[in-house]
Each structure stands twice: as structure tokens, then as C-alpha cells.
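Coming up is one lone chain in C-alpha cells, specifically the form predicted on its own.
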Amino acid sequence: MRHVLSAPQFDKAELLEILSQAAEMEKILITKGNSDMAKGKILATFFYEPSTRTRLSFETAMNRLGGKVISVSDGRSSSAKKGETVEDTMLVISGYADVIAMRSSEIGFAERASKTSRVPIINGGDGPGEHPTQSLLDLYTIQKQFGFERPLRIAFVGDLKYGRTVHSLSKILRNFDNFSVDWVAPKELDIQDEYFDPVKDRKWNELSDEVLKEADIIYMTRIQQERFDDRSEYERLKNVFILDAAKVSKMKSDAIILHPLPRVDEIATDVDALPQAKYFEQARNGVPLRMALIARALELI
């Protein structure tokens, strides 16, 4: 079964294959709008944590492929509230659907689900762990803008300790020799050692002019309130980095700004109309990318 559980499961060849298939799905969306590729198939979306873009883009992707969707958008309304284990839940739901997209607050949750599921599991985020499908659509967005031939510097900014999108994307980028990384975070939210390359990477505690001028990609993240036990600590850190039009004016003209969304205050709205702002296009890229992942999971391509 073609589970999608973690960024390190992909090598460069498979990543390029997925991106090529996403491009083909985007052509379908542009030229036809829909396909009947997954006609007769069912996607179950099972989300124990809140989600807007991930859940809806999965459901849109399946609908665009001609399949159907069954959904649990709030895990609190499921039998998990009664104490049912994810292993038992997946045994049952995998009898209803052909592929399952899921999210939870627990690291490794999708991996646990895959042990008993009879159908492919796609990890839509597991707490502060990983978010592999987001990192794939991020990579697709980067490829469309730059390709992978020239040297590129990406600056991850904000909540690097709990940022699962950062964790997954940084692991995926290690498959490509042309990326170097700046990690920009307060010391309390610094990136863990397992993601840091002391040869190619740099660490910063401020979004300096040097970072802004040298970056090809600024990847902003919100400070994640839901990961803090101490509310006062969140309040102290929540606005530590704010990217506004004045800061963007110091960036390269062909640089881009990404954000996995939702944003809070870390990107000012005066940035939205600037040519570097690609985060809403990035979100739209989730549909063709997830169409490709669903089709691969169902062995339709």
C-alpha cells in the first residue's frame, strides 16, 4: 500500500515523479476541471485536530478526481471520545473507504493507524511532528518558481520547534544539493538538532537585513498557540517576527514568501499584493498535489 506518512520516506526520484504527476493534475484542472479517474472510489477524511485548507483540499482533490468523500471533521464527535483506539478505528473505517487522510495532535499517529488499516493512510499532520503533504505542495510551489538547478537559500522563520511543516519540508529539501537553510527563531522555539546541518545552515535570533537580502525563499510560520502550556509564554513570543512591506522591500525582486497558513499577525496584509507573496498560490497548489497523492495511493497512476 502507498501510505504517505513521513517526509523521509521519499527519495529524490520519487519526489520528482510526484511533482510531475501534480503538474499533470494541474493541467486537468485547467483544461477540464474534473476527471473520472477515481470514479467509484471513496476517500475518508478523519481529523482529530482542526483543519481548513488540508481537509478541504483533500476533499476537493477527491471530488475533482471523480470520487466521493466521507468525512469526520472533528475527532471529538467520533468514538475516540468513548475511548476507542486509533487501531480499532482504522480497522473499521478502512472497511468503508479506499483511502484515508487523517490528522491528529499526536506524533506518530498516522504511523499507528497504518498498522491496522486495510487501505492507504495519508498523513495530514501529526501534532508537532510532520506534515508531509504540505511539504510536497511547498516543494511543488518552489519548483514552479525556480526549478532545482540554481543554488537557493531558504529562511524558515518563526516557530521552528513545533512547526511540523518546517520539519517535513526541511527533510525533503535534503534530497536536493542546491538548498541552504537559515533558521530564524527565538531561542525558545529554535530548531531541533536533527534538522540542522552545521555545514550548510545558519541560525539567527532575528529576521535581519542580511537574511532578507540573501533569501530566495522566506518561509514564515505562525507561533502556535495550541502547543503552549503557558499562555503568558505564547503572548510574549507571538509577535516576535512580523514581515511587512518595508521588510519585503529589502528582498530580491524574484524572491518569494511562503506560509503554510493560517497566518495571524506574522505577515502584514500590506504584503499580500506584492509580487513576492506566493502563500495563497501555495495553498491552491494543494489541490493538484493531493490529487496526485490520492491517485498514487489508489494505484491509478
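So that there is no doubt, residue numbering starts at 1 and follows the sequence shown. All values reported here derive from a predicted model rather than from experimental measurement.
Quick note: we don't show the form predicted together with a small molecule, though the next part is all about it.
For the candidate spot formed by T52, Q134 and P260, every residue has a non-hydrogen atom within 4.5 angstroms of the small molecule in the predicted complex. The small molecule is not shown here, and in the predicted complex it never comes within 4.5 Å of any heavy atom of H167. Only one of 267-275, 44-52, 27-35, 64-72 lies within 4.5 Å of the small molecule in the predicted complex by heavy atoms, and it is 44-52.
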